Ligand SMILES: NC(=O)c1ccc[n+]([C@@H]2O[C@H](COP(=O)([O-])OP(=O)(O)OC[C@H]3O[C@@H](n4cnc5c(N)ncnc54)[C@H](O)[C@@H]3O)[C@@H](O)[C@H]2O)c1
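The chain that follows stands alone, in the form predicted on its own, written as structure tokens.
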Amino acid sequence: MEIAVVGTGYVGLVTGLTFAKLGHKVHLVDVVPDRVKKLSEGIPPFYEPGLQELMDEVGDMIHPTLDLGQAVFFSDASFICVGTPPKEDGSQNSEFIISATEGIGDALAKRTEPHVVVVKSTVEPGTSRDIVLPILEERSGKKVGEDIGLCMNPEFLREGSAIKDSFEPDRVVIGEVAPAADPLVKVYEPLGAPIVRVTLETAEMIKYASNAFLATKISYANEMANLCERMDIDALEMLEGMAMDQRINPKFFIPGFGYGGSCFPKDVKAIVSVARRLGEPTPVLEAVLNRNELQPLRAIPMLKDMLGDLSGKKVTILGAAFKPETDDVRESRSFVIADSLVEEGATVRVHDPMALENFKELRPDLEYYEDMDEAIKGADAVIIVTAWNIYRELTPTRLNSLMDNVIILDARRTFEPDDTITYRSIGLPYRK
């Protein structure tokens, strides 16, 4: 097939490269000239493990372009992979969905061959049918279900392992205005994953419900870890014991300072917003959001227990990205911690192996270090927020060579402390 992918963020670019690897010609469409230029030069616009290698491998099978109309006109299918940022009330901003759909509809008005439009962006239930469908029909002059196929195909890609997830999905979900999904089934069959064919609205809801559930697991693990600290119980041992139950499993069950990124915060807020419009209470999900807002604030009293007054102290934050193996800082818990430290009068240093520039762009007044040892040297305390492997290389001996009095707040249990350092972690009993 010839495929147009509209939007080349994390979802669109990885999806397009996956299709190219499977043998399809892919037009990568974006409205940002600099991004298209980079892609044309074979340069990924963001960091993702294996992304450069995959781009190099597919080579001539991808065609970056600013011309949406031409890409759609010459394609058999169009995938909408644009952002759906939240409004102030948490509801979905459909601006980019509408713009992309209008462009696709205009192009399809000039095309006579069959074409399938696929919504891959995360959208509120009802978006594909109530927004995308009527725009397509109006702008193209064609009928969805007869002249044009319409599908909703949510993504389940984790930043940091997006390429693996794309080639080895747990399942492929396709919502459709029947029988539009037949061409998509052929595209995805080589991956060997179960294919679930449902309505448009069900596909949209599967995505939201999945992310809300995973966010709930994280918030639950954090709440139990906080409680374990009070009862002199090692939360990690407790959670590991729980997770051996196959009904629970250990994924997304590790305590820390909360979840961040482009998906969980946005998606949980969006589904809560939908529920409010429908007059349906969601106390569980509202509690999940509340716990996630509170969790990074625990860093300050924990640090004060070890260091005392924070005014004038130098505190190093290790980890700016919201998770390891990405340069994405959206909703990073490090922002909350850094802002709180500044309010306490501390000098904040930041290190991250990939996300430093992205973090600095939003918080330019902090101190930034490309070298981890330099960031730690002479600090009064270190907070490990993101579990990059480079931070697992730290040892008490190494830290003692860099700091006069080693005080570590380790959200992710990245290493084993000894009696030469003062150490705290989420869910670990602490004695002064």
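Since we're looking at a predicted model, the values are computed, not measured. When you see a residue number, it is the position in the sequence shown, counting from 1.
Keep in mind that the form predicted together with the named molecule is missing from the display, and what follows is about it.
Annotated contact segment (heavy atom within 4.5 Å of the named molecule in the predicted bound form): 79 to 87, selected among 248 to 256, 79 to 87, 351 to 359, 170 to 178. Interface residue remark: Tyr10 is counted as part of the site for the named molecule in the predicted bound form, having a heavy atom within 4.5 Å. At least one heavy atom of Thr122 is located within 4.5 Å of the named molecule in the predicted bound form. Not displayed here, the named molecule is approached by Val29 to within 4.5 Å at the level of heavy atoms in the predicted bound form.
Contact between Leu157 and the named molecule in the predicted bound form is found at the 4.5 Å heavy atom cutoff. Only one of Leu150, Ala203, Cys263, Ala221 comes within 4.5 Å of the named molecule in the predicted bound form through a heavy atom, and that residue is Cys263. Only one of Arg398, Arg35, Lys377, Arg363 comes within 4.5 Å of the named molecule in the predicted bound form through a heavy atom, and that residue is Arg35. Relative to the named molecule in the predicted bound form, residues Phe73, Ser75 and Val116 are all farther than 4.5 Å at every heavy atom. Contacts to the named molecule in the predicted bound form (heavy atom within 4.5 Å) from stretch 98 to 114: Ser99, Ala100.
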